[in-house]
Ligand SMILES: C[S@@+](CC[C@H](N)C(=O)[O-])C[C@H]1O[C@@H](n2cnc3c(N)ncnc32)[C@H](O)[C@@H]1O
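Just the one chain here, laid out as structure tokens, in the form predicted on its own.
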Amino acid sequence: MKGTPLTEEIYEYIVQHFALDERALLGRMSARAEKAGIPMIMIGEDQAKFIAFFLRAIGAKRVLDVGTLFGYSAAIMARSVGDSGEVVSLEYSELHAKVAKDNLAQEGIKNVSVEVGPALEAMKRMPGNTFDFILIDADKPNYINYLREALRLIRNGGVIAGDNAIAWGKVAQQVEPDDPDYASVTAIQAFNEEFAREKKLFGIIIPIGDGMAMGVVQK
């Protein structure tokens, strides 16, 4: 049996009942980011609440955020792991990193470290088996590379997640090279294929937001 389509009405019902704090946080952080000219690319309020719920459920304490932008995902995860936990967030752009740091500071969030530079290089410098949860939400052509490195960094029993797993509704299509999303969609399709084949991952795509591939790591 197929699932029930998520209409705008149902989405709003979910947010109104379960994700008003996440909506308020997004409103404040995105307003500051918009003033700085940062693109409005982020997880939705329902995804934010789901991630917060999930991190609490698994008792995550050390999290890696691949793709900071203006810091919304990092803030959600930082609040979820608590003051004794830590979020390491990776951002290529110095401007984005600065806005994210300012955003986090204004929200009183102190347990996030934002590292500036190519995410893959930063990941390769990190010791293995040290993270409970890794969220991949950055440049799509590098998704497979991030996944491979994430498998080294995650502890046994930890979880790896990749956002935009449904690729704006195009993941099941044969996209043409003239499609403006061609590079990103084909990269996500390749990522999903590898995610599904990887024997160390017990995975699934959660149809929330633009889809989130999630897998428990079994080393």
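Computed from a predicted structure; not experimentally measured. In this text, residue numbers run from 1 along the sequence as written.
Below, we refer to the form predicted in complex with this ligand, which is not included among the displayed structures.
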field: Proximity of G67 to this ligand in the predicted bound form, heavy atoms at 4.5 Å
entry: yes
query: Counting only non-hydrogen atoms and a 4.5 angstroms cut-off, does G82 reach this ligand in the predicted bound form?
result: no
- prompt: Can you check whether N111 is within 4.5 Å of this ligand in the predicted bound form, heavy atom basis?
  reply: no
task: Report yes if any heavy atom of K101 sits within 4.5 Å of a heavy atom of this ligand in the predicted bound form; otherwise report no.
output: no
task: Can you work out whether this ligand is within 4.5 angstroms of a heavy atom in all three of I43, E91 and A119 in the predicted bound form?
output: yes
message: I need to confirm a contact call. Of E86, E107, D132, D139, which residue comes within 4.5 Å of this ligand in the predicted bound form, counting heavy atoms only?
response: D139
- prompt: Relative to this ligand in the predicted bound form, which residues of 175-204 have a heavy atom no more than 4.5 Å away?
  reply: none
